[in-house]
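This document opens with one chain alone, in structure tokens, the form predicted alone.
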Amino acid sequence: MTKLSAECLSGLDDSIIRPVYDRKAIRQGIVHIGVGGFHRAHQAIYTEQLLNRGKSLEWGICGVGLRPEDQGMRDALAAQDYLYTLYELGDGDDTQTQVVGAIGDFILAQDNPQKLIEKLSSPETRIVSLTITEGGYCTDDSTGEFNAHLPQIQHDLQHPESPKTVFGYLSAALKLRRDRGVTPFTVMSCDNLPHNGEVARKALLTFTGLQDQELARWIDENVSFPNAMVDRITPMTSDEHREQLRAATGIEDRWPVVAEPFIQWVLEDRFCNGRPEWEEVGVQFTDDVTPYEDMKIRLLNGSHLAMTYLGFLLGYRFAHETMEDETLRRYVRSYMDLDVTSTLSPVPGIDLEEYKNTLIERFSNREICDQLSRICSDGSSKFPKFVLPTLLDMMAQGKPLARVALIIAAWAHYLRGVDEKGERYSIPDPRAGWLQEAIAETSNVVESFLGLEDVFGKTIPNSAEFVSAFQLQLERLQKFGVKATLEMTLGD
């Protein structure tokens, strides 16, 4: 076995892609906050491809962790010279291994907040990118408003010199840049939510305005927040993945990242301080990312939710297992074809039928073993972004609501915490207790669950047609189980 390090690179098998550039010559023009699997399988890979072409040498990456639990990632990367392995797993022979060197450092905020502020304030830093999850933007899902009352936000407002949140750090750094006459950086969200750049912009401007309205105006006039559509299925790295990598390549990596071969990034070309030449390695730049993100979020992420809770209730634990269930597969495809597609605007350069076919193939990838527990997580943040916009458009179009109602009913049924085989499981959602309290009201579960205004807003629970469809599907699940409910829904 070979422990991953800079020293071992020359001795790796020729089939393994590795950095061919001088890592010591790379400047860190990008600071990325939230170094998890997705960033390392997506943005960092596009950047790595450019570096391997001898281009964009001023666009290396410094990773940042704002949470105490990010220490594990920092320590794993630091122990192997900030190298890590991307292990692409496709069906058949579609497998590739790459050692990635685009990340050159990692700052853990809790160790030295001022060090991070200075890094963000440095003229060398020209893009600050984010993968902080949907919940990291501190935005109310039903209203889109910034939740300034949150304890961590209140802390940062009262202690700007020692922030804890991304907005506290960005605001402090941009203030220093303004005061020092340094061009501001672009804030680039790579999170999987609609209009992610606009969400980041609104959150930062609201936060900063509560501290310093003049600074907020300066940010509004000078900082860019491009919207982006990002896509690559990246399951959580497991010990089985580590062992699979060791067995196949001999590489011992503390925290490799596993991903499917497919990768896509559509990005608005709005940067205030330069950017890498990502278009040379497959990034599609556009003036308006909206049709692409609607397509991806409603078809891929919405269909993920369509399969995950029903699949989990049936006892499945991996995405490919749900696609091997013919009834569940037909239901997911019918949701794509009959419900989602009619709500989408034309997507330039995309054949929607081919795109949907590709999604089913990707969901069916046995090698990647994408965990349903990952897809099930944070449903309270995902539903308002991935499914409810489709539902609202369908209601406006007067379309039948049975299929989409089943997705939401399955989530409610899943929140009981026990599948049809009697196996109990935890609910991976920060608001799990609140959600389970709502579905525990057995005498009026429909009203109490759909009455969660932070999730469903006001329009949906006031629709008699939807409430009736939801109640029917929940009763079917409770009385007949998932398989019979699917058959009845497909036959409706």
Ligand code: CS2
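Throughout, we count residues from 1 along the sequence that is shown. In this text the structure is predicted, and so the values were computed from the model without any measurement.
Just so you know, the form predicted in complex with D-mannonic acid (CS2) exists too; it's not on screen, but the next bit is about it.
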item	value
Contact at 30, 64 and 130 by D-mannonic acid (CS2) in the predicted complex, all three, heavy atom at most 4.5 Å	no
Stretch from 99-107, 226-234, 388-396, 277-285 whose residues place a heavy atom within 4.5 Å of D-mannonic acid (CS2) in the predicted complex	226-234
Non-hydrogen atom contact residue 177 with D-mannonic acid (CS2) in the predicted complex at 4.5 angstroms	no
is_contact(residue 202, D-mannonic acid (CS2)) in the predicted complex, heavy atom dist at most 4.5 Å	no
Residue 126 within 4.5 Å of D-mannonic acid (CS2) in the predicted complex, heavy atoms	no
Non-hydrogen atom contact residue 192 with D-mannonic acid (CS2) in the predicted complex at 4.5 angstroms	yes
Candidate from 155, 374, 356, 320 lying within 4.5 Å of D-mannonic acid (CS2) in the predicted complex - any heavy atom	374
Among the candidates 121, 301, 364, 206, the residue which, in the predicted complex, approaches D-mannonic acid (CS2) to within 4.5 Å (heavy atoms)	301
Residues of 111-127 having any heavy atom within 4.5 Å of D-mannonic acid (CS2) in the predicted complex, listed in sequence order	none
